[in-house]
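Structure 1 and structure 2, given next as structure tokens, are two forms of the same protein chain, each shown alone.
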Structure 1
């Protein structure tokens, strides 16, 4: 690629400017990559805690529903579920983490009081109430897990994108620019040496011609004196 570049001082100055700009961009991207990795590690720790809570709440919900079905029967459990009038509502917003837009999920009407569930208190038992509590908690954890997992995925994608850009600058663009810089500098030095050599030859030739002219004038003067 270097041989395709004309070895001129103008091109050398342009390449030096591009190297300086690319190095600044490389430093900025490295800092961004490192910052993203730190943020990602924090989210990863949070995700691990959320997953553990999700597993625990799932196990509790399963035990609670199995107990309710065993004690009250499937018909009572299904009847209580069908009585639900107000369903959970979700709204999504977003927040910016080092240039990465990640979702924030807000939920409402997930955890309800006994009178908000729609079934009659006298017609059900504490087992059904416990199952409802457990599944409402499970749903809250599912929503939180979705938010954290999505944020983690977006952060990881941005980290990979930034790493590719850092590597492209570090291992491709900057080496090519520096090769071009070195090539032009070498060519300009060669041209300068050739110009110095040429000027020396011109000077030597001129001095020789001047010497010969002086000698010729001197010979002519001596010949005229002899006559």
Structure 2
């Protein structure tokens, strides 16, 4: 608060330096925020496309498995599901977008050929294969969505933090510093005015004393000549 600072020239200079630094930081952070939002917009477009594909493939997969269940029975589908040998694996690498580390997910063993799946071909039907195909495709889309949505989440966090910093500088720190600056400037001006007034008073008092001394001298000289 303005009342906490001592109104000295040294403090004023320090506050002026801090204001300059904060304004520079504020500009830089604003640019960072705008840059992040632009990058985010690009990712958002991509995410919307990925989401559409994901929803389509989910519906396709659901249709396929419902068909398999209806034709083969739930037990057969579950039996086939329990027999899978190969499991999809993910490896994550990272990419840097304006200081935000976003993941790049690589997958393996998602799309499998019939003989890699592990359930018996004779005991199951083409419906189950179709359902497995559809779900493998869905998993590919899920992995893509996970990559894009994680990037979005991380960028949103960074945008939020940057925005909060910009706002703190703009609405809290800078106004406070400027208040302090104004307070010190006013106090210093007041001190200067008081000083001038005091000097004037002293000068007037001195002049009066000198005048009185001169008059007394004159009176004394006049009295001496009269004698």
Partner chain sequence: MSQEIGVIGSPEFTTGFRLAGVRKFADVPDDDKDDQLDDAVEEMLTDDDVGIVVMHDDDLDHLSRGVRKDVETSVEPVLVTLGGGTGSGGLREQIKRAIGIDLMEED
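All values reported here derive from a predicted model rather than from experimental measurement. Positions refer to the first chain, counted from 1. The term rigid core refers to the maximal set of C-alpha atoms that superpose within 1.5 Å between the two forms.
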Quick check on the two chains I just loaded: which one is the form predicted in complex with the partner chain, 1 or 2? 2
After fitting the rigid core, is the C-alpha of residue 66 off by 2 Å or more between the two structures? yes
With the core fitted, just quote the Cα shift at residue 138 between the two structures, in angstrom to one decimal. 3.5
Between-form comparison on the rigid core puts the Cα shift of residue 86 between the two structures, in Å, at 6.5
